[in-house]
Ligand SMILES: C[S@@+](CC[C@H](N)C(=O)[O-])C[C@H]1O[C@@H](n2cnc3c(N)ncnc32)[C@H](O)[C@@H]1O
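We begin with a single chain expressed as structure tokens, specifically the form predicted on its own.
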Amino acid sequence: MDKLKMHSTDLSQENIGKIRDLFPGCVTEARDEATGQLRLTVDFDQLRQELSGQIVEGPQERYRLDWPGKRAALALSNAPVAMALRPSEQESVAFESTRNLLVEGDNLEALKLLQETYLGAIKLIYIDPPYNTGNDFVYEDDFAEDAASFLVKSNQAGGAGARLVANPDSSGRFHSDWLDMIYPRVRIARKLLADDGVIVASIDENEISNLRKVFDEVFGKDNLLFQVTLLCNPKGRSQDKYVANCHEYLVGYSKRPMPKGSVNVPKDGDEIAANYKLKDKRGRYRELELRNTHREFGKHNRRNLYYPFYVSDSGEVCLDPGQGRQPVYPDWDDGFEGCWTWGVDKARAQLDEVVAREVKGAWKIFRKNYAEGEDGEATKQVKSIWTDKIFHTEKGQAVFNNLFETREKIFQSPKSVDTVRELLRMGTRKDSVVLDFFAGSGTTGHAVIAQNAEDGGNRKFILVQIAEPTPVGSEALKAGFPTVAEITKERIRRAGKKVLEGECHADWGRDVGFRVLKIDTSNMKDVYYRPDEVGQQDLLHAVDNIKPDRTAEDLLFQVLVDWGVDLTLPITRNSVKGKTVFFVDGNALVACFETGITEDLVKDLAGREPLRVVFRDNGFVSDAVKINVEQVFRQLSPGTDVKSI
């Protein structure tokens, strides 16, 4: 019976395997000094030669983002992590039924643990990382180790809050430290993003250039969708040295090239009624001039867009000359030879959308601009500058303080819920999964709930927040919140109740809950990962490879992570043959972690024909039963994947 690996994917080995598929002569095997195991390794000199049309003698200069520590950050992003997600039902809301997640812990470890389950499944990732003002805290990741030793450390590490350290601007590694932090997290986030997904980051002037370069490298500079300037503080920051800054940025990238209009937002009914007053059999429309209104474009540099339409006395438009038809060129009143915005082929294909209007005694050509697109949705482009007061930081603070019924700043400058809701309208469908791995006060979760309540959506959120201690003497600590993660959880609890009190869409499923999962050391003892280090005197302790303080629920969620099963699927707990058995989404996964498992129980579970089943490795009543498990399932349920921990 195969054993589950109980740690995240070793991405470096996975990537080397892909290189081997393309360049088999560049990959060989070498013995890992830390574990003694054979691992794939790359002959980089040979690979460089494979990728060059001439003899390669040494490193070549090229345009790229580089900083001290980049290679270590890359290695860290690829290294596996042997950690566990332990459920906390008492801190959750509607644990059994909710489809939302709140993960408490280091977001780098969280992303690695989530990557198999949510690979390519996230439609929108929104992050509000530290702006690196000199006062922000950044993650102090340990780069001075290889993948094997990182695995060992991750199996034993605790106290993730200690990884947050101040990054003063007097530091000689001020920008490098920030890049060390953001780079591996963004690389893993890309794996979670759907092919039609969007990642958006809030950032200010301190790291906007570096963030753009990181995103250019990870997602491709051609996949930049937008850089929005957001007026967040109209009064300006008085502490700024030269100019009082009033704005920050929203930078959006995609994983793949996106078609035009991919981040359009819906138009509301009042807007359509006010601006689209004409109507035909296709729907409401307005008329826009077909001539290019920018005089830098004209016949002199767009000759292919300079051609005549022909208009009859009755106003009928065509592209062919004829008796009684007047030619109409895109010329200006002063004689400047302009150009159309459509080429002749497009104009011929969409001639039914072209109309002529007599203006000041001369014909002008217009095109019909419909409120609804070909898919039946009425959408519009978002502007690159957001100035509405609903996006202001003070609005975000007011909403937060109202929820917590306080005038004190328990959390400093939370994002406006409306800012995130606008991003949801731009980047999600009604059934999308949304991820925020710098969750802060939980604005993203609040926004998802509020947007679902308005449009009847079924969006699901995944929030990740480290248990960052609140400062001594802070209003948060005085209010009873020892960590930022506690504020996050309480914010979502209160936001859910508040939204339910208001007007809600009839189709909304009213999911305001969330499952709390806490990152902790692995449920497995060290011997599970490093059996070569066990001496004869330790064999008695190695009989059970599971830590004594871990529950069956802890084991279940580590199995879900390891197998890549959705962490929000419904879970039921039944008694079968006197043993507790977990059923995940019916028969998607069946798990029994008790000891004394008999052949009768194995046959009973096999008769239910589950998709997957997992047992405790030492949980069988005898070696004979353990040996027969796979044979029983092969006979009664051959499609079941059987594993043990």
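Heads up: residue numbers just count along the shown sequence, starting at 1. Please read all numbers here as calculations on a predicted model, not as lab measurements.
Just so you know, the form predicted in complex with the ligand exists too; it's not on screen, but the next bit is about it.
Colleague: Does any heavy atom of G513 come within 4.5 Å of a heavy atom of the ligand in the predicted bound form?
Modeller: G513: no contact with the ligand in the predicted bound form.
Colleague: Is G338 close enough to the ligand in the predicted bound form to count, meaning some heavy atom within 4.5 Å?
Modeller: Output for G338 is no: heavy atoms all beyond 4.5 Å of the ligand.
Colleague: Does F461 reach the ligand in the predicted bound form if we count a contact as any heavy atom within 4.5 Å?
Modeller: The answer is no: F461 has no heavy atom within 4.5 Å of the ligand.
Colleague: Tell me, yes or no, whether D128 is in contact with the ligand in the predicted bound form, where a contact means a heavy atom of each within 4.5 Å.
Modeller: Result yes; D128 sits at the interface with the ligand in the predicted bound form.
Colleague: Considering G440, G298, G457, P80, which brings a non-hydrogen atom within 4.5 Å of the ligand in the predicted bound form?
Modeller: None of the others qualify; the residue that does is G440.
Colleague: Though the ligand is not shown, can you say which of K415, K112, H446, K489 has a heavy atom within 4.5 Å of it in the predicted bound form?
Modeller: It is K415.
Colleague: Okay, which stretch from 100-108, 225-233, 551-559, 349-357 lines the ligand in the predicted bound form, with non-hydrogen atoms inside 4.5 Å?
Modeller: Looking at the other structure, the answer is 100-108.
Colleague: Taking heavy atoms and a 4.5 Å limit, what residues of 467-504 are near the ligand in the predicted bound form?
Modeller: In sequence order, E468, V484 come within 4.5 Å of the partner.
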